[in-house]
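One chain comes next, on its own, written as structure tokens: the form predicted on its own.
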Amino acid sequence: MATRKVTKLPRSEREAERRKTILRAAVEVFSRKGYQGCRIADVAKEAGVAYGLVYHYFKDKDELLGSVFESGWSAFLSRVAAALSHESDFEAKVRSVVHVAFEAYRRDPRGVKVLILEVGRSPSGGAVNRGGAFTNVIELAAGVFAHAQQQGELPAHLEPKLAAALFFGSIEMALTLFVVGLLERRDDVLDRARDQVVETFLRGVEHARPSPGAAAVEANPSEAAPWTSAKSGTKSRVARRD
């Protein structure tokens, strides 16, 4: 019987795959334990590699977190830029960016959790160049707002960079509600939250229109304010905290 020849990946590809495996493992561990509670040994165990191999690719935990951020953020920016390039009018561009952000969370909730909590809002993210990343995304969006002003789609008195900051701030805070468990991570709730962010940003709270057939975004019953009441006869679903 003929033996099957096993084709080995070139060294450079094997190195890239190992590095990617370690980065994914770091996301999983950072998401569960937080940056402060995570050890390099935890990442090595999650990745299924020797402890010393992690140090072969990353000199310390700070560099590992920075690489996680750079990988996730660059992928997000690329998808945002691609979405913007496929749309012509301003409203469609706004919708496409919000869609990209919510789909990123839907596909990889742990990765988004690390970006928001461990990098964006924790002192542990100090080794990451957050200022540069923030500047890049604001400049990208500000260009969209400025172009919309030139086309007469937006009032000329608005400051494009401030509008861009408010735009991405609303997206981040909406996703934070899911990350910390204040909204249930269900597809229907994600869809309604996505649409509410778009409508509220474009038209304001007083004039936001619901999408066809959409209901109000549901709060997680376990996190709801004490003066709210759940629907009778309805079994609450516990939010998944990843």
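One-based numbering along the sequence shown. Here the rigid core means the biggest group of C-alpha atoms that line up within 1.5 Å when the two forms are laid on top of each other. Model, not experiment: these values are computed from the prediction.
The discussion below concerns the form predicted in complex with the DNA, not included here.
Enquirer: Counting only heavy atoms and a 4.5 Å cut-off, does the DNA in the predicted complex sit next to every one of 77, 81 and 95?
Expert: The answer is no: none of the three residues contacts the partner (heavy atom, 4.5 Å cut-off).
Enquirer: Just to be sure I understand the contacts: of 173, 41, 202, 180, which is the one whose heavy atoms reach within 4.5 angstroms of the DNA in the predicted complex?
Expert: Selected residue: 41.
Enquirer: Any idea which of 202-210, 50-58, 188-196, 24-32 reaches within 4.5 Å of the DNA in the predicted complex, heavy atoms considered?
Expert: Heavy atoms within 4.5 Å of the DNA in the predicted complex occur in 50-58.
Enquirer: Does the DNA get within 4.5 angstroms of any non-hydrogen atom of residue 18 in the predicted complex?
Expert: Contact check for residue 18: yes, within 4.5 Å of the DNA in the predicted complex.
Enquirer: With both forms fit on the core, is the shift of the CA atom of residue 201 between this form and the one not shown 2 Å or larger?
Expert: No; that C-alpha moves by less than 2 Å between this form and the one not shown.
Enquirer: Please determine whether the C-alpha atom of residue 191 is displaced by 2 Å or more between this form and the one not shown following superposition on the rigid core.
Expert: No, because once the rigid core is superposed, the C-alpha of residue 191 moves less than 2 Å between this form and the one not shown.
Enquirer: With both forms fitted on the core, check whether the Cα of residue 181 differs by 2 Å or more between this form and the one not shown.
Expert: No, its C-alpha moves less than 2 Å.
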